[in-house]
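Given next, in structure tokens, is a single chain: the form predicted alone.
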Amino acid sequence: MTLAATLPTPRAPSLETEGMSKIFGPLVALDDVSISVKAGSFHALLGENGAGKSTLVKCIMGFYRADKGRVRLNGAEVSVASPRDARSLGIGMVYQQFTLVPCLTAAENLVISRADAPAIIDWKREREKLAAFMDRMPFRVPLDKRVSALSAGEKQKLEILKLLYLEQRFLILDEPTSVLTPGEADEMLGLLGDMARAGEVTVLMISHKFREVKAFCDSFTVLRRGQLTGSGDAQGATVAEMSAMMIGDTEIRERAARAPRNDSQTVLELASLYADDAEGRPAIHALNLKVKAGEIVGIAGVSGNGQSALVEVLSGQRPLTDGRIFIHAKPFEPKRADFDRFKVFGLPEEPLKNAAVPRMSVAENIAFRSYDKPPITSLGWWLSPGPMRKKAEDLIARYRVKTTSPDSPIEALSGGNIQRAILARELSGDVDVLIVANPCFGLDFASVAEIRTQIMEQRNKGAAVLLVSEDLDEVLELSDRVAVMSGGSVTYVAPIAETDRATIGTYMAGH
């Protein structure tokens, strides 16, 4: 037995912030926030986009210096002026983006992460230490495998193992399950929960998934607009109570009910689609799928399995190398003329980047579908700004787009209002096919409810809806049928009433 294997396990610390405030110019990002995370607890940090969660953990980690307030570790005030200080105190963070070196093995990533990593590494000695370390860990990864060959779940586990290897015992996890299958997420969070209960680590997890908070966390804190709005027992509080703390008195639109549909007509058919990525490697491969009128087919999958490439193919941003797209059994080419002819509309992910011209006005962006049609155009080419502005004003009111003026640049709007503006443009006419990708990513509760309602209303009117989303809860809520993409192909299709989260997760994992 090696010395490393006989060393006592460092114990989990408690952490408090006291009166934490941070101001960026006119923006008060944090306003007198005090939170308490008990030693050995699994604590959820909740809040909508812009609530101050990231600012708070960056102050704890030393990326930001708070304007006011202090951090206490095990009851004693500590100075955290940089991430190096946080690391020396045993505070570590797993970020949404991986920080691993892809061309190195898992073992090499662990060893070079040490501040005392030698210039010349004695790999026999290091492997003995790593073997002893892994024997104490609740989960394993193949140490001799290059990171580039690891699955997303293995990479996330390696990020956590790296913190434990560096003896970081206060772990901050930023949306840690966004790249995992449901099974991987439950396994990882369950094992970390076991470590917390054993007093080996304390976990602070930023999350928007109430299911995970209720399943794995024992306490929670909620921020809204930079202020603390509540905290408590995660097992005792209801989802409705936590939601109310997050959104306050914001009016939430009632979700549209799913109307019964008996139409069995296939509207959209994807027939053996093939497409390559930017490096010429297969991005989608032999992909087949049909979507009927009045149906939402939700595509689930771990990020990077061809979903983005499929949306790009359907929107004309990526060429097909083989295969055909049919609408109402007629060939469809993703060009402006066919989008109009077949009444195909869409909301791509990151709409400011993929569906708008940021510096053009809201009115101009809304007019992209109709600028060459009466009443906006006359004599075949002459644009009339009056009718264009009037149409924009009508759609802004109907879709509740919050903007100071139709003439404001669309980039000045919030994320939710950009989504609403693009939806106003895409849904203002008759829709036969609607293609949406991650429509609610990063949006507040009110915008999520509004956009999901708009999608369901189009489905109820008879549109064939293809929903591509990395949020499995969104797919389960909206879909009539679910399809799973893995390795660039559709590997599983089932009516939503005949499947479950575990089965979907198994196919997402490639099994």
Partner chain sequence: MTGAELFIVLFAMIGGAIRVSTPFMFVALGECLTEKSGRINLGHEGNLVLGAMVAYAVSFTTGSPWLGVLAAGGAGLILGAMHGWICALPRVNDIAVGIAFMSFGTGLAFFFGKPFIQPSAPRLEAIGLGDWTGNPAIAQALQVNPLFFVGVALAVFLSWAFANTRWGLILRMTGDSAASARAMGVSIDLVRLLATAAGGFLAGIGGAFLSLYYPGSWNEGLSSGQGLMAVALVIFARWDPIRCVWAALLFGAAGALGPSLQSIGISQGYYFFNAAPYILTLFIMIASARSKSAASDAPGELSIVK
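Residue numbers count along the first chain shown, from 1. What you see is a predicted model; the values in this text were computed from it and never measured.
What comes next is about the form predicted in complex with the partner chain, which does not appear here.
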query: The partner chain: the contacting residue among P118, G429, P374, G75 in the predicted bound form [heavy atom, 4.5 Å]; finding: P118
query: Answer option from R341, R211, R146, K290, heavy atom within 4.5 Å of the partner chain in the predicted bound form; finding: R146
query: Partner contact for A257 in the predicted bound form: the partner chain, 4.5 angstroms, heavy atom; finding: no
query: Interface membership of T99, the partner chain in the predicted bound form, 4.5 Å heavy atom rule; finding: yes
query: The partner chain contact at S113 in the predicted bound form, heavy atom, 4.5 Å; finding: yes
query: Partner contact for P331 in the predicted bound form: the partner chain, 4.5 angstroms, heavy atom; finding: no
query: Contact at R87, W123 and G280 by the partner chain in the predicted bound form, all three, heavy atom at most 4.5 Å; finding: yes
query: Residue stretch of 169-177, 292-300, 102-110, 189-197 approaching the partner chain in the predicted bound form, non-hydrogen atom distance within 4.5 Å; finding: 102-110
query: Contact set, 152-188 vs the partner chain in the predicted bound form - heavy atom within 4.5 angstroms; finding: none
